[in-house]
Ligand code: EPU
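Below sits a lone chain in structure tokens, taken as the form predicted alone.
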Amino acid sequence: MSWRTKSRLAWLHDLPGVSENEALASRTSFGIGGPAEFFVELARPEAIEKAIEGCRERDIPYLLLGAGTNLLVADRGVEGLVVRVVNREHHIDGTRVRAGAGLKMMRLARIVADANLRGFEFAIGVPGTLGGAVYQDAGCWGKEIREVLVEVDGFMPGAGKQTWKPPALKFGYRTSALRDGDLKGALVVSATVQLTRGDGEEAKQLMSKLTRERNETQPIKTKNCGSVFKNPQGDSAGRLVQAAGLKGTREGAAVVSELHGNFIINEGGATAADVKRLIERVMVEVKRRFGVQLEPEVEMVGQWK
């Protein structure tokens, strides 16, 4: 039975700030995907909690959206309600930093460097939000968010406000209980990280060096979702794709980057179907050549069937 009833649709229509058939392509780093059936952008945690609790009570599907990185939205779009989380406040207490889930990791990296705190430089290479980083244990240059995470304040529809320590989040490589476990559907409101006192100027210099290296080795200025595949244990997805001769391979306007094999670029007008076909083609060829089963890191959301 469809969730679409007169009363449920009326509730969605009455949400403050809600819009219908809102384009999502412009809200993803890929620049790809169909519309959100209903869309709302919220900064206050209480408003976000009320919206997703209302969805749970009415069996309305919902999707929590941050910066739209590491995401491939189906061409048919996303049914139900898409909530874009944009709470960006932050508070520094000694060497502990608490920040809203909607604050971008790169911005937070600069904020803590200005406060002469070290240990968060890796975040300059993570394009998404803090909430998204917790959701998938994001990281860069061999360091991941779980290594500095103290606790996460969140909200679970049906259970209310929660505080999760790292063990409860069951972190794995590019995953957590929020993405693939018993906390799926929960909201990250804010996260607290533990850093160390140090030279902020040295941190900024290191981040500038890392950014230069990243710009030289990754197609940063293109429309892409970040790393498409998880790195197999002891190997690199980019190396395997390159070794298989797949750089430059395309489906429609989606093409495997010539600069880095683990990136797919939207050259302009690529569809989600183009990208999905290209992902599957790369997986088949790498498996045929090397016997390695690549696993997508990018998350596919929306109405694919």
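Computed from a prediction, not measured in an experiment: that's the story for all the values here. From 1 onward, residues are counted along the sequence shown.
There is also a form predicted together with the ligand; it is not shown, and the following applies to it.
Can you say which of 73 to 81, 228 to 236, 111 to 119, 193 to 201 gets within 4.5 Å of the ligand in the predicted bound form, counting heavy atoms only?
Among the listed stretches, the partner-contacting one is 228 to 236.
Though the ligand is not shown, can you say which of Pro166, Gly181, Gly185, Gly139 has a heavy atom within 4.5 Å of it in the predicted bound form?
Of the candidates Pro166, Gly181, Gly185, Gly139, Gly139 is the one lying within 4.5 Å of the ligand in the predicted bound form.
Only one of Thr175, Gln162, Gln218, Thr95 gets a heavy atom within 4.5 Å of the ligand in the predicted bound form. Which one?
None of the others qualify; the residue that does is Gln218.
Heavy atoms within 4.5 Å of the ligand in the predicted bound form: does Arg58 have any?
The answer is no: Arg58 has no heavy atom within 4.5 Å of the ligand.
Hey, in the predicted bound form, does Gly261 get a heavy atom within 4.5 angstroms of the ligand?
Yes.
Check whether Lys276 has any heavy atom within 4.5 Å of a heavy atom of the ligand in the predicted bound form, and answer yes or no.
Contact with the ligand, no.
Can you work out whether Lys247 and the ligand are in contact in the predicted bound form, taking contact to mean some heavy atom pair no more than 4.5 Å apart?
The answer is yes: Lys247 has a heavy atom within 4.5 Å of the ligand.
So which residues in 22 to 43, when you check the ligand in the predicted bound form, have a heavy atom no farther than 4.5 Å from it?
Nothing in this stretch is in contact.
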